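Starting off, we have a lone chain in the form predicted alone, written out as structure tokens.
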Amino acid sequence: MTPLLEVGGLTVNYGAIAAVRSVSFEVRSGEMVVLLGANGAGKTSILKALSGLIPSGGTARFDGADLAGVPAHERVARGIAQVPEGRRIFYNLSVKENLLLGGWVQASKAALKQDLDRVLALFPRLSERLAQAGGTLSGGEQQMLAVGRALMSRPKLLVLDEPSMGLSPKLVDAIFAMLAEFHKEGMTLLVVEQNAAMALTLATRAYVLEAGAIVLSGPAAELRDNPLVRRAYLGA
């Protein structure tokens, strides 16, 4: 089966510093793939490069088409939506305005309303706060808003960067339950996550990065039992 996303020899440099060193990986339709690694391993740089937010080298193909030279907004239109680290919602805009901005790719008002209704059904808390400024929401509500905004574009690939960061244990459980439900429904997910134990429990496959390069990869269940992974990421 042809991968939905196929990345080959990806490089990202910040001046003289090589943040990502010839990374190659793939994500197949319906998979949940997790990128693991310590801070500074290059995970966020990979996601930013895939979304067209920073310059990069190498190749990337999505849904059969080359992404070279494709600007960030066009990548969203093609089906790549990212929930960035730190949520990055628009604090001064209302919850409804944040969501509607996420649906800018929709061709009709009917489609936009349908997607808004779907997101509000998924996150009832947001429906209670539609007129409220995004910056006044709690951390968990802001994460719901960031995910909902991404879903408004009907992504073929949902990319999430540290979705559980800064949340209470109860909300972390809720976020992972949501990801598990997305995966069960057949959504394709690419996730960067520090909570390796929970991520590897849910994921189909995983890649482990160190110093900008992939050092381990394979089925998530196998990596969960790998002594190196257990020692470095699972505290075992």
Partner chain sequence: MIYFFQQALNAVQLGSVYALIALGYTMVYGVLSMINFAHGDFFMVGAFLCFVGAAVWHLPFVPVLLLSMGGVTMLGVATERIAYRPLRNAPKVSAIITSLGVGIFLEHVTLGLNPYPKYIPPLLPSFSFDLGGVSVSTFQLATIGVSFALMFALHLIVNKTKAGLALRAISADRAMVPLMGVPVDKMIALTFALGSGLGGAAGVMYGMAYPVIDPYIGIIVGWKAFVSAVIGGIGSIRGAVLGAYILGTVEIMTAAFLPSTYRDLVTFSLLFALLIYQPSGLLGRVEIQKV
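This structure is a prediction, so every number in the text was calculated from the model and none was measured. Numbering follows the first chain given and starts at 1.
Beyond the structure shown, there is the form predicted together with the partner chain, which is absent from this document and is the topic of what follows.
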Whether L101 contacts the partner chain in the predicted complex should be assessed with a 4.5 Å heavy atom distance threshold; does it?
yes
For N195, is any heavy atom within 4.5 Å of the partner chain in the predicted complex, or not?
no
Under a 4.5 Å heavy atom criterion, is V76 part of the interface with the partner chain in the predicted complex?
yes
Look up in the predicted complex whether S164 has a non-hydrogen atom within 4.5 angstroms of the partner chain, and give yes or no.
no
In the predicted complex, do L53, R88 and R149 all reach within 4.5 Å of the partner chain through at least one heavy atom apiece?
yes
Tell me the stretch among 202-210, 66-74, 22-30, 166-174 that has any heavy atom within 4.5 angstroms of the partner chain in the predicted complex.
66-74
Under a 4.5 angstroms heavy atom criterion, identify the one residue in L137, L116, L158, V105 near the partner chain in the predicted complex.
V105
Which of L122, A111, L93, L130 has a heavy atom within 4.5 Å of the partner chain in the predicted complex?
L93
